[in-house]
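Form predicted on its own, single chain, as structure tokens, below.
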């Protein structure tokens, strides 16, 4: 199932058509939550773009107004009017030369100020963008993490934990880098190029059109290269998720890998996924690195066109450019325009290909955020009132895969304080029954009711807060013993935590730990025995004081002595509570008020332990098979009491 889930993830990430604009709009919605930062970014970007347009203008004015004064552009000079005395015989006079030199000096000083202003605006724009980006990333991480906790268990059974972690870490990091720098540069470059094109057209439409002739080619090349890079980056992001998934699985299963001498196979498998990730990254880098020299060459071609066309235009060799409207300063200005435009075009192209990785990562992130929730509160859901513990299943059907039912018309009642044992072969539907009580999954037919209330009509948090669960695979957090027990009730005092531990006979061994209740546990409670971890989990549930208790194979992985200790803890915990016990060892459920024998999603037998043994049906066969497996002599079969009537449909 895990492999199929990984394959479905890969198909979604690499084959399904993507909508770049939709992803960018989604990013924009997070930025829009910070209008002040966005306003500052806009102001500073406009200021930086303005300097890129005004600088070539100043160079052109320096040429036409002072270096090679032209009577064609007297209105273009900001600081002086072109004096006729500057031409002809008077051009060499000391006063004329001094005036023109002063004008050139003024333009140079102004250019320096413009460049300084550009540096200040660019720096402030970068800071404001980084600030807005950090806030947006925080919001995305918050939504992503919240979504992970809202997803049903069915989602996690079909998707690898490593791939989910990759979205939270690697994909978020890629998006963060794009928000910090690349996105601002793209916005600044786009505005600069647009502004320059408008300014060129305002100066001379024919000259501008010829000068910009190479720009469509640059745009087409950018589109093609970035599109190829985007596909490669998206595949690389997916492959990285597979690498992380394999790494996480190898670390979690290190003991099994070593026990079965599968180190080499594990290494080979990791190497294969790592090679696939490397190949995708190399392909993405190939398109990214190839684009730069292509655009640089096209930029030189564009610059050559400007110079050639300008020179021929000044000589009157181009029919549709009137030499009377063209000056040397305009040619210098257009050279500056072209250089200023080519640089952001190249930056946009290069950064855009890098942005493809962020967009691919964003698609994966938003794909997880938008993952449909299978278990949700009804619009009119109400808080679950304090429950007493009466449970009723009414013709319940359930399925994980549509069309493949796991439970088929299961009906039963559990009275307040009763212990209900659920037994049967693997895949019979035992765990499904207990998963329906706290709504980890929803029924596909029928209803599950607690105290007569359908669990689908109340909020999940108020329902689950009144149900305690102890599983076979106990999970403890990497924190202190005290906090692990308190996890079920965060407001509990230290005294209440210790009382819960004493109730389930966990207090003594906890006190013997190096720091007692303050002892820090390793990952998943490493450093403790299985029985000790189980007792801490039982204490955690005892602290909750739930009215309904679920025990899923809670003693199947401990030795007989530890089992007796845990059973004694359970006896205290079960008093007065409705409990559902999935039992691996049938000897542990002799005192159950009801025993349900499941096969293929149906209750085939029900009654007490003694009654089912006397009936000598499926339960009896299962019970006897355990004794035969352990070479123990079974107790004599009791006289056959009356079995509980079997409702229709089971």
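Numbering follows the first chain given and starts at 1. This one's a predicted model, so the numbers in the text were calculated from it and none came from an experiment.
We do not show the form predicted in complex with a small molecule, though everything after this point is about it.
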Choose from 209-217, 465-473, 418-426, 140-148 the stretch whose residues reach within 4.5 Å of the small molecule in the predicted bound form, heavy atoms counted.
418-426
Name the residue from 431, 273, 480, 185 that puts a heavy atom within 4.5 Å of the small molecule in the predicted bound form.
431
Could you check which residue among 564, 158, 278, 572 gets a heavy atom within 4.5 Å of the small molecule in the predicted bound form?
158
Is there a non-hydrogen atom of residue 285 within 4.5 angstroms of a non-hydrogen atom of the small molecule in the predicted bound form?
no
I'd like to check something about residue 154: if you look in the predicted bound form, is any of its heavy atoms closer than or equal to 4.5 Å to a heavy atom of the small molecule?
yes
If you check in the predicted bound form, is residue 513 within 4.5 Å of the small molecule, heavy atoms only?
no
Should residue 406 be classed as touching the small molecule in the predicted bound form when contacts are defined as heavy atoms within 4.5 Å?
yes
